[in-house]
Ligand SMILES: Cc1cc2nc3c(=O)[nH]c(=O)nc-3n(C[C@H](O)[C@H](O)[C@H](O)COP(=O)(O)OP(=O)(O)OC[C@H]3O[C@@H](n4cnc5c(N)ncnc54)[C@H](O)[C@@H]3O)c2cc1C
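Consider the single chain below, provided in C-alpha cells and representing the form predicted on its own.
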Amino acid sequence: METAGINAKPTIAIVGAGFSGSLVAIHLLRMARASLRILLIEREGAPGHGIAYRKQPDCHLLNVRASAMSAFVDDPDDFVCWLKHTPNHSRSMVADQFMPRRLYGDYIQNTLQDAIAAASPGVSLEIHQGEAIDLKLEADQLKLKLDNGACLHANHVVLALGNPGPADLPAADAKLLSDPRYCGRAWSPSTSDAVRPQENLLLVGSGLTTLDWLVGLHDRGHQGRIHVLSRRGLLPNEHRAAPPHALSFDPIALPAHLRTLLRRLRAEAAAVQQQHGDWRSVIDALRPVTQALWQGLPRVEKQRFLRHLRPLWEVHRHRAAPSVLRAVHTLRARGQLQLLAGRLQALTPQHNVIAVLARLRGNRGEWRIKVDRVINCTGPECDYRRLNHPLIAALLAHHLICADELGLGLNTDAEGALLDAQGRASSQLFTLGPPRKGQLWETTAVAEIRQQAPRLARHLLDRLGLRSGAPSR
C-alpha cells in the first residue's frame, strides 16, 4: 500500500502516539492557522495511552498527585478539572490523590479529540496504525515506511518513541528468552494474566515497574512466594506532602564535582529534618536546576554518577503513592515477599521451573532458588545502539541519528533536532522526551515533556510558516 507521491500540503508526521506524540499533535492542532496535515503513527492501542497509560488495573497509580499532572504548563488545573467532570471521579479531594494511570490515558485521548474538533479550517489529523520501520530523504521530504506496506511523506518527522523497553537479562539462558515462563517486558498485558495464584516468582529490578507488579499481585490475592532481586535492593521512597524549600546554597555555583554537591545536599537535608522538615523538599528544590547541573558536569563526573549514585537518586527522586507501598509492606510482613540485593548470575530452564543463581551484595555468598516464572522489571535500555527497534536501526544505518556518548539517548540540539553521525542538526527530524536524556537528564516526566511539546510544535510551525497564517515556505 503506497501513498500517492509527494505531499502538496505541509505535513508533519509523529511516530508514536503515547503522551509525548499526542501532546505534540495537540499543540500543532491548537497553534496552526493555515493548512496543515498531521500524521500520527501508532503501532498499537489508542492515541494518548501508550504503554504507561494503557488500560490496566486501577491499583496502577500515577506516581504524582493529580494537581501536578496537567498536560499544559499555562493551565495547571486542567487534569483536575477534567477529572471533576468525569463520571465517578468528581470527588472533592481529587487534586491531592494519586489517580489510576489508565485515567490519564483517557484524559490525553479526550484532549486530543477536543483539539481535533477545534482545529482551524484546513488543519487535519490522520491516525495511521502500524510500526514505522524505515525513513529516507526523498526530494525535499522524508519518506516513512510502515510495516504494513504504507509509505508516508512529510516535511518534518517527530520521533515520540517514549521509553524503550528493557534489555534482555544477560544472565538468561538463550533457550529461556523464548520460553513463556520468562517475561522480557514487564508491561506486556498477557504476562500478568498468565501468572497463576500459586506461582513462585522472581522479579528482577526494584523500581517503579516492580512496584506496579507487586501492588497488582497483592490486589489479585497472589499466594505464591515473590522474590525481588536488584543490584542495591532499594525500593522507591514514598510520596509525602513536603512544603516548598529554598536551598541555602546555589547548586550551579558549586564546583562541578559530585562529591561536593552530594555533601552539601546531605547537610541541607539533615538541617531541614532537624527543623522537623522533610528531605523530600530538598530533592524537589533541585528540580528547576537539575538539567543545568547535569549539563555542567564533566563527562567523567556523569559516568561516576551513573555507576555509583544513580540508584540512590532514582529512589529518592522518583517516588511512589503511599497506597502502593502499603501493599508492598503487607506482602513483606506476611513473609511472602523477599527483597534481595545482588547480581544475577544465571537463569536456566529446568523442566517446569527456572533455576536462579545470584551473587548477593556484601560478600553474602551465592543465592540459589527455583521459581515458576521470571519477570524482567529492569529499567529501559537507553543505549540506542543496542535497541531491537527497526526504525532506530534504519536511522543509524543511514547515519541520520547518533547515540550520545553515555548511552542514555540520542544527540539533539536545543530545539530537539536530531544530530546526524557528523554532528549536524537535522532541519527535518526531531524528537522529545526520553531520547533527549543524555543532554537533559530530566526529560521523562510529564513536567518536562509538557514544556518540550509546545516549544517543538511552535518551532515546526514557524519553519513551515503556519503559526500566524502566513503562506508556507
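Numbers for residues come from their place in the sequence shown, where the first is 1. Since we're looking at a predicted model, the values are computed, not measured.
FYI, the form predicted in complex with the named molecule isn't displayed, but the following is about it.
When contacts are judged by a 4.5 Å heavy atom cut-off, Pro236 does not count as touching the named molecule in the predicted complex.
At the 4.5 Å threshold, heavy atoms of Arg33 stay clear of the named molecule in the predicted complex, well away from it. Although the partner is absent here, His389 sits close enough that one of its heavy atoms falls within 4.5 Å of the named molecule in the predicted complex. Proximity of Trp441 to the named molecule in the predicted complex falls outside the 4.5 Å heavy atom cutoff.
Although the partner is absent from the chain shown here, none of Pro10, Ile38 and Val158 has a heavy atom within 4.5 Å of the named molecule in the predicted complex. Residues placing heavy atoms within 4.5 Å of the named molecule in the predicted complex fall in a single listed stretch, namely 162 to 170, out of 162 to 170, 296 to 304, 219 to 227, 79 to 87. Checked against the named molecule in the predicted complex, the candidates Arg373, Arg101, His153, Arg280 yield a single residue with a heavy atom inside 4.5 Å, and that residue is Arg101. With the partner removed from view, the residue among Leu429, Met69, Leu29, Leu410 that has a non-hydrogen atom within 4.5 Å of the named molecule in the predicted complex turns out to be Met69.
Of all the residues from 104 to 134, those having a non-hydrogen atom no more than 4.5 Å from the named molecule in the predicted complex are Gly130, Glu131, Ala132.
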